[in-house]
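Next up is one chain by itself, shown in structure tokens, the form predicted alone.
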Amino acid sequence: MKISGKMASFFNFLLGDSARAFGALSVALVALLAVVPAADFLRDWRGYQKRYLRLVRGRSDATSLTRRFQPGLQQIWMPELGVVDRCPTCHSALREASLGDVKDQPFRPHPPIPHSVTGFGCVMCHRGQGAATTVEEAHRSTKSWEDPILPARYLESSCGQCHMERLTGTPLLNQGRQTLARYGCVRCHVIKSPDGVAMTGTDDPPSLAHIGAKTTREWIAAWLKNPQAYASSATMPNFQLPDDDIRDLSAFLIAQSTPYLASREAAPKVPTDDRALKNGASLFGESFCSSCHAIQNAAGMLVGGNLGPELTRIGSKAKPEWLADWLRDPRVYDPDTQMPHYRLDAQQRGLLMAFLGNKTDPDFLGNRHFDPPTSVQIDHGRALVNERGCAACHEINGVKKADNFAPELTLVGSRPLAKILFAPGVAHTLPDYIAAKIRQPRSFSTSLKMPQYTLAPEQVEALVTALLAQTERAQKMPTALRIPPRRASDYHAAGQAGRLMEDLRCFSCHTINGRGGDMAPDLTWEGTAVTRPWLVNFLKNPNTLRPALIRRMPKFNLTDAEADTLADYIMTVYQTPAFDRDSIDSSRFTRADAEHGKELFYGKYACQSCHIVDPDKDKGYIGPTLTQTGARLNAAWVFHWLKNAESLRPGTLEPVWKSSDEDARALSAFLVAQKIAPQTEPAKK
């Protein structure tokens, strides 16, 4: 009662009459109004700005640093993107290169980048909440904000919002995009670039329309059980199928297989003695099959290229009659294959069959044997093919590719955390969610259809980087800021030479006019670069230009007429418009020119660091050997290459020397004097 009485007296004192009530309320209002400026005065960013001024006070350039400092809220506004960026409010030293020795944030300067920090702001690359003014709201995901700052290891993904093409400075992003295409991710998941074009696969999965002619049901079952047990480099994932499903799938795949138009030519005799195996191995090496195909050596190391499938256990897979047809002409079985037509004779095919047929692994097949399949098993296998989306990658008779088989990932980099169901133990961030889904998809649900991939940690990190680049901001990026990818060329050579180039699959390794592979040199201007006699000889008997390279151009056993047809076409059609290949007459070079060029080669430019002219003394194995430059290259090409190689072959390792015309002429004189001719070999008619 005493307390109630005191409270009543207190309120009577404050509000007993109108004058007292007005005065009390006025004081309360003033107090409340004072809270706002007081809270603003105590904000984090004011403290950081004061600390920054104390930091620079004792430095030699303190006067300049203090003069450039701008107090108060700092804001970058990009109306075309709807981006507000207040990060410079705390990060006051972003453009102060003299503070490079400062390691504490937010007082470190930004590393040099090709973009303007003030023009692009911070959130374009680092994400986070640009409009926030507290550390918690700016950097982390909160109830009010959804977009946390991007972990530094995934920073390259931000470059992918504008740049659709490969960038030299973003190896992780490049690898991630390459992995998405190479491992067939984009065959199930639609991933579109901002211009609406969907990413396409580069994995080239084989057709299964004639699979029964190529291999056995037992091999198919062992492959489905674990593809990596057959080939460690296999890109096909493990679907973790039970044995009964594998039995039924293999039954259906054999049942749907149809015959292909096999050769009527008698199969070559396959020798089985040790000498034949040795000769087959030599022919495999001489044909440079390892440029495209890898094989495990005795030490278990995988040696060779990845353009074609691994051949370590090919003898356990391929039927002899199929292998004979394939070596005779691969296009008979697969018209779209990247493998060239080697024009091997029967004896050569027999030796290769002996070598490849000996590449077996009984443990892979084990004692697997199936009884004849029932109609129920075949029907169940067909249902499994549709359920697992096998037709997304493979051509299968009677099965169409399903549309929208897996979720579209075009905007996965902007997926709200509130819409994500995290697996136990996975940190509640978007990068961690994507990484966990790639590493162990079935950990989210055992009913998921996504298979298990065998990926290294760096591959997972690269994939996460590429997927984080798929954001809403990227889709809405103004055209002026977007760097589109180069569109694939559909160039085809014409006439008889064009048919020969398709038969030899030149585009599998070489690029010409924007179409082709990158394993071998671009041939777009080859007619300007080389001499015809050298080209004819090279086509009939390719010799190495780079001794350090394992991958070499194979010998295709061309006839004289075929070599002449290709050489004439290349020399006539593939010329640069930049200069005339006959514009420099090498016969006018004097001995003094060549001697001066030699001095420049070994002195001023130190070309022997990468190239070989004197095989007994020079140790340069990075670039091609130059011992036969005069027999191989035109003088005009050599001159212009020395002036600016990048303009002739973009991306070349040859530096842009910016040499004078006098130096380039002298070097050209020295190089075209090198005419050690390659050894020739009679061509087979």
Partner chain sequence: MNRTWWAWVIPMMAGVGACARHPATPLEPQPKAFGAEVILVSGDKQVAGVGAQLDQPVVVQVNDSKGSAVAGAPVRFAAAGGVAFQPDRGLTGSDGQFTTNVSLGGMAGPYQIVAATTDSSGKRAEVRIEEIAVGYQERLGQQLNAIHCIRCHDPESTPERVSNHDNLSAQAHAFTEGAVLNAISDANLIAIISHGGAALNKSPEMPPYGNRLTKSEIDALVAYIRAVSDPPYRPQGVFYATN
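Positions refer to the first chain, counted from 1. Heads up, when I say rigid core I mean the largest set of C-alphas that superpose within 1.5 Å between the two forms. It should be emphasised that the depicted structure is a prediction, and the values quoted were computed from it without experimental measurement.
We do not show the form predicted together with the partner chain, though everything after this point is about it.
- Using a 4.5 Å cutoff between non-hydrogen atoms, Tyr605 counts as a contact of the partner chain in the predicted bound form.
- Taking non-hydrogen atoms only, Asp248 never approaches the partner chain to within 4.5 angstroms in the predicted bound form.
- By the criterion of a heavy atom within 4.5 Å, Arg482 is excluded from the residues contacting the partner chain in the predicted bound form.
- Asp432 belongs to the set of residues with a heavy atom inside 4.5 Å of the partner chain in the predicted bound form.
- Contact with the partner chain, judged by heavy atoms within 4.5 Å in the predicted bound form, is confined among 491-499, 609-617, 195-203, 521-529 to 609-617.
- Though the partner chain is absent from this view, in the predicted bound form it lies within 4.5 Å of a heavy atom of just one residue from Glu218, Glu310, Glu96, Asp325, which is Glu96.
- With the partner omitted here, the residue from Ala152, Val376, Leu421, Leu261 that has a non-hydrogen atom within 4.5 angstroms of the partner chain in the predicted bound form is Ala152.
- In the predicted bound form, the residues of 87-125 lying within 4.5 Å of the partner chain by at least one heavy atom are, in order, Arg95, Glu96, Ala97, Ser98, Lys103, Gln105, Pro106, Arg108, Pro112, Ile113, Pro114.
- After superposing the rigid core, the C-alpha of Ser659 moves by 2 Å or more between the shown form and the other one.
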